[in-house]
Each structure stands twice: as structure tokens, then as C-alpha cells.
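Below sits a lone chain in C-alpha cells, taken as the form predicted alone.
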């Protein structure tokens, strides 16, 4: 049996995923460069946004929301499929009285973002750009994620 022979479904998935991981790495590096060049990871730009001193970040966030809305509209309208042929289903999220959790979660996220000066995605770009102090922010994000995972069963969903 040759070393490239696939014997189980798990091995087939792993063999199929390996070439695809390089695409995600390249896309992540490209995204980090775009975030850095657009100053979306700049601590000063983020502080300007939270102090309502500049529209720069609001323009970036607004264009991201608009792009996501148009993308979801197109996916639903054209009934697009994944590369594996599965239909893409984007469930709706109605804002009900229980939607308070979204506002509370968003507020907590915003406070963390304002205090650190970076949200989770740009933390990696900032570390890659040489801002070693952001490792502390990354560790804090990981601790927060782990804590949520431990408390998730006890929280209202």
C-alpha cells in the first residue's frame, strides 16, 4: 500500500483539506495586509472612532455591512451552492424581546474593543506587524473565549 492511499473517510477529508488550507493562509495574510494598509488596525483610528472624532472607521465598517448584506441577498436570490454542491442556507435572526442578548453581547464586545484598541481579527495583523504588546490582548481574548465555553451551559441562549 502506497503512503498516499486513503483508507478511511477521516483520512479522505484530511487529504482533501490540505491543499485548501494554503488558500485560507494566503487569504488571511492578504486580509491582514488590507487591514494594516487601510489603517483599520490602527489603535489611534479606533480611538478616534470611539471618541466620534473621525468617520474613517465608520466608513470601513459601513462598507463591510453593505458588502455582507448584498452578499447574503445574492446567495439567497441565486440559491448559490458550496463547492461541494450543498445549498447555502443563511438563517434569519429576528429581533425579538429576547434579542437583548445581541445588544448586551455587542456592548461587551465594544467595550473590550475600545479598551484594547483592536477586535479579535486585527490582533493577529497587529502581532504580525510587530506590535508584541497585542499578545496580551490575544491571551485575554483566548481566556474570555475559554471562560465563555466553560459557562455556556449556564447562560441563557
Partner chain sequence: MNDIVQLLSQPWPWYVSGPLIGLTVPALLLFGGKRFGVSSSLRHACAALLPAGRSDYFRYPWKQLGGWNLMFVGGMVVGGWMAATLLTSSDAVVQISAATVTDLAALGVTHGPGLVPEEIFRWSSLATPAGFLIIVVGGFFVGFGSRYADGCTSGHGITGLATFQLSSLIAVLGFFAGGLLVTHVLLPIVL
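Numbering follows the first chain given and starts at 1. This structure is a prediction, so every number in the text was calculated from the model and none was measured. Take the two forms, superpose them, and find the largest set of C-alpha atoms that agree within 1.5 Å; that set is the rigid core.
The same protein also exists as the form predicted in complex with its partner chain; that form is not shown, yet it is the one meant from here on.
Counting a residue when any of its non-hydrogen atoms is within 4.5 Å of its partner chain in the predicted complex, the hits in 131-148 run 131, 132, 133, 134, 136, 137, 138, 140, 141, 142, 143, 144, 145, 146, 147, 148. Positional change of residue 26 between the shown form and the other one stays under 2 Å at the C-alpha, relative to the superposed core.
After superposition on the rigid core, the Cα atom of residue 115 is displaced by less than 2 Å between the shown form and the other one.
The rigid-core alignment places the CA of residue 129 less than 2 Å apart between the shown form and the other one. Note: residue 108-residue 68 Cα separation is 3 Å or more longer in the predicted complex than here. Distance between the C-alpha atoms of residue 108 and residue 71: longer in the predicted complex than here (change of 3 Å or more).
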